[in-house]
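In the structure tokens that follow, a single protein chain appears in two forms: structure 1, then structure 2.
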Structure 1
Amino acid sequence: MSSVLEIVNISKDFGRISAVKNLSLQVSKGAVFGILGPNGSGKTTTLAMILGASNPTSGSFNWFGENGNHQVRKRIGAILEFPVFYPSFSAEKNLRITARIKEVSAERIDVVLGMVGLLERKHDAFKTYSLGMKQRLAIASAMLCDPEVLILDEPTNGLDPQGIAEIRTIIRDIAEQGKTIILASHLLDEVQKVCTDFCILKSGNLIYQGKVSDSEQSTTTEIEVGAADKDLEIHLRKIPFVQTVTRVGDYCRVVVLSGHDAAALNAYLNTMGIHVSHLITRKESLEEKFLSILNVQA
């Protein structure tokens, strides 16, 4: 797959704080790429650099294999941190300015406003909008040029559940059109729900990169078993649907193939004549994984 964005060893210092440290990333065409990290981990700073709003201290990046100048940004739709518009101007007047900057036809304005459900409010001043509407207008603005890449930074920040659901539906619809999307978020759930690929940033360092599907597969059911029988571990290994067994203190932690659960394990052990005295199911979610990755690196 051809890569849309390539970042090579990019760094950004603010005085003595280094916000981004030697970050390298590749985003391939058609990916919905999540940049996950807690607040202050350098997500916005990274996006600001690759969008020309902030000058990197060192390192480089390129878009679509070209050495990015400002022309390339006309093919990208991006919002950083929060929706930015002239507050007293209507949605339409604001988008007219954007259309002129991006050199796209003003006819696109109604198309994108329709897409985010703001067509009826297009003559109202931006400042009269609710936060959810502002966020949707920002997405509309990013979609004006029918971008090859859409970049969203915390697009659901501060929204109520309904607003969040609306934004996610819009993002998924856009992803289905085959567009490349880069989504920065501190919400794991968000990345998990909409992204195909993701990376984790912490204090400006890249600490993990992979596919969401891989990490979901490894979202495993782990069962903790205890029994008086001292050959418990050996017996467990004989069970066909058991994947791995690890000894943790008095207990064994068992990973079973999907479709099997603690009850099945218990029943099987019974047939082997082992009476279980302790049985706990532990599901390790992506969330725990996210947290454990962050902690390990602390």
Structure 2
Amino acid sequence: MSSVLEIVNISKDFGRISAVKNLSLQVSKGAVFGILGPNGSGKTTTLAMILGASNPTSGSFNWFGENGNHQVRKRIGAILEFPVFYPSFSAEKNLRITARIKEVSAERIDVVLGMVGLLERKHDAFKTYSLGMKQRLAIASAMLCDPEVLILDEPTNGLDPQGIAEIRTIIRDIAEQGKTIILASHLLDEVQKVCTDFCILKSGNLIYQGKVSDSEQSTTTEIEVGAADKDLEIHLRKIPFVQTVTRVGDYCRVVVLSGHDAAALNAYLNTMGIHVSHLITRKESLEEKFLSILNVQA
């Protein structure tokens, strides 16, 4: 798969503060790439540099194998900061103004409004929109030029659960059109639901990069077991598919090999004459995995 964006040892300093440090990344065509990290990790600074809104202190990047010139940037749609719309103007009128500013045709206005579920509200004033609708209009604005790449900075920030779900659906729908999406977020669980690839930044450093599917497969299943038998921990350690056993209060927490579950563990214990009184499966979430990465890295 060809590379859409290549970043090579890019850094950004603000006086004595290094916001981004020697960052190297590649984003493949058609990927939904998540840039994850807590506030202050360098996500927005990175997006600002690759969009030409801020000059890197050192390093380089290219889009589609070319330098980030004006013509190349026309192939990119972005929401770096919350865009400003005229409160009293309708969505349609605001997008007509945006189209003139971007020097693109207004013919796609109905198309992009339909894409974000606002076509029926296109004549309503922007000030009557909910926060989620305003964010959807911002995505419509970024899609006016039919870009090959869409860049979103914290697209669900401040939204309620319904608004978050709506934005996620829109992102998936845009990705299905073959668009490449780069998404910055501090909500780690968000990436699990929409991204194909991701990296994690902390204090300007790249500390992890990989595919979401690979990370999901590497999460562990932990089973909490309780029984009247005082030697439960000893018996559990004898089971061939049990990896680790940890005593926590009245229960034992067990990590089993891939392909085994609580039912298999219970069945094996029954063959040993042990009757389980407590059995709960707890699978490590991708968010917990990401948080553990953040906690152990400098």
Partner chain sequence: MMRLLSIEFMKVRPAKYFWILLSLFAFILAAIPIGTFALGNWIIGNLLPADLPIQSVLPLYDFADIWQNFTFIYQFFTVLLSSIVAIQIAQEFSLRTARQQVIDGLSRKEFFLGKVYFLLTLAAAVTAVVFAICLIFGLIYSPVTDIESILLNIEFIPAYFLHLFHDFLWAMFIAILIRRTGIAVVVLIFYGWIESILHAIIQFALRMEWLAKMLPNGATKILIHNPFSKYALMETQTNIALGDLAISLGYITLLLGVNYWMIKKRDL
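Between two forms, the rigid core is the largest collection of C-alphas that superpose within 1.5 Å. FYI, numbering is relative to structure 1, first residue = 1. Since this is a predicted model, take the numbers as computed values, not measurements.
Taken from the form predicted in complex with the partner chain is structure 1; the remaining one is not. Once both forms are fitted on their core, a CA shift of 2 Å or more is seen for Tyr251 between the two structures. With the core held fixed between the two structures, Leu144 has its Cα displaced by under 2 Å. Relative to the superposed core, Gly117 undergoes a C-alpha shift of no less than 2 Å between the two structures. For Ile234, the displacement of the CA atom between the two structures, after superposition on the rigid core, amounts to 11.7 Å.
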